[in-house]
Ligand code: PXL
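Quick heads-up: it's one chain on its own, the form predicted on its own, in structure tokens.
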Amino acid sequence: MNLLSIGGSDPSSGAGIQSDVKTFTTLNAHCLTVITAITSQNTSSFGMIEPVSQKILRNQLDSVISDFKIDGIKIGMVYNSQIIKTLYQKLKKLRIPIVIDPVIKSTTGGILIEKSAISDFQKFLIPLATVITPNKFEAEILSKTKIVGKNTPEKIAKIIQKMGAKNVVITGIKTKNDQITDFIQEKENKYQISSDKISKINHGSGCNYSAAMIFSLANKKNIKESVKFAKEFTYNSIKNAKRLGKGILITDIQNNINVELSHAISKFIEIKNIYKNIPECQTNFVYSKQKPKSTKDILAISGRIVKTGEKVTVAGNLAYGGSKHVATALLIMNKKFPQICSAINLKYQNQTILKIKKTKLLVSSYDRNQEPKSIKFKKSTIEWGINSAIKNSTKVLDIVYHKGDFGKEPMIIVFGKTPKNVLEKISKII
């Protein structure tokens, strides 16, 4: 996948082009770049801005558009009217998703767009947006309306939408219950998605959000799925933010379980003939936070990995609480062996069991026929099954399986410390 980032250069690598290169690379996408301006800034202060000439801007755009199939575009800092009009002329005929992050002011105080250029931004760039992602401050500037009282986020979003954006996401709205809410205005639908507030002043979260958004849209996810993915990705980047300079924290996208699981899923579906290992109930791949208390602390695919002919497809997006059965199995395993934080379910096949027995992997099983009647006719008996399989084990198990029962499909579950570790075990048995 090729994703194009258009924006300013940030020498601190906290935001701008450098941040997007890190994000897209982490998400296993190739990052193309077009630089609109050079800035001098760090974690403590903002220095100068020098916009590039229209000539080199056009030449950069021609270079990438003529040579690459571009799957999505993110537009960040544009600075002046000349840049805005050049971008409009080069991009207006493209039929690919475009996310616009209307950066107006940096966290360290730099003004990133000339005041006289805002009207051209509204006239030329906003109509290109599949999604525009202003924070509360940026939404107020673009709409010329404060979000207060009767001027609700919905009202402000509709003002921006009337400028031509297909979908508007106003991020970072603080609520009374100490949460951070994003308000989403689609063509017909409106809704909010909230998360816990992290009290950290950081550099780069807006860029992380819009970059994750275009990645998800380019992967054919809908707006709601993409917002959830971007919000979770950004939440983790803020949570893991580090003090790399003398000033504010820089977001860190490396220690991100969302990214780790996403990578592993991509590699899993590329395994030759993997469709033969997808059970009738389909497959889920899960990864937990440390010390999960419930399945809501376990990241999974909100749908499943499903078999489509001789291929497999990811149906759904990553979400906490997205799995019931595989997540429950992991939860029980993690209680006894806290280092086990990931799992996947595979189709039960005799040849797979034979391969497992030839490895050094530690395996256990349970008999569904032995289930107590009080449990047998419940919707899920996975908790009893995993507990039965591990109760006498003193060593960490790699695999647990059962041969099914009337109306119950047999199953193999592979466990590991990380999704990568799970994949390593899968490579030994299929």
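In case it trips you up, residue 1 is the first one in the sequence shown, and so on. Being a predicted model, the structure only gives us computed values, none of them experimental.
Separately, the form predicted in complex with this ligand exists; it is not shown, and the next lines address it.
The stretch in contact with this ligand in the model of the complex, judged by heavy atoms within 4.5 Å, is 40-48, chosen from 397-405, 26-34, 40-48, 364-372. Among heavy atoms of L112, some come within 4.5 Å of this ligand in the model of the complex.
Though the partner is left out of this view, N421 does not reach within 4.5 Å of this ligand in the model of the complex, counting heavy atoms only. A residue is said to contact a partner when one of its heavy atoms sits within 4.5 Å of a partner heavy atom; S143 fails this definition for this ligand in the model of the complex, lying far away. Although the partner is absent here, V103 lies within 4.5 Å of this ligand in the model of the complex, judged by heavy atoms. Screening V99, V227, A343, C207 for any heavy atom within 4.5 Å of this ligand in the model of the complex leaves a single hit, C207. Residues G8, S9, D10, A15, G16 are the ones in 8-35 with at least one heavy atom within 4.5 Å of this ligand in the model of the complex, listed in sequence order.
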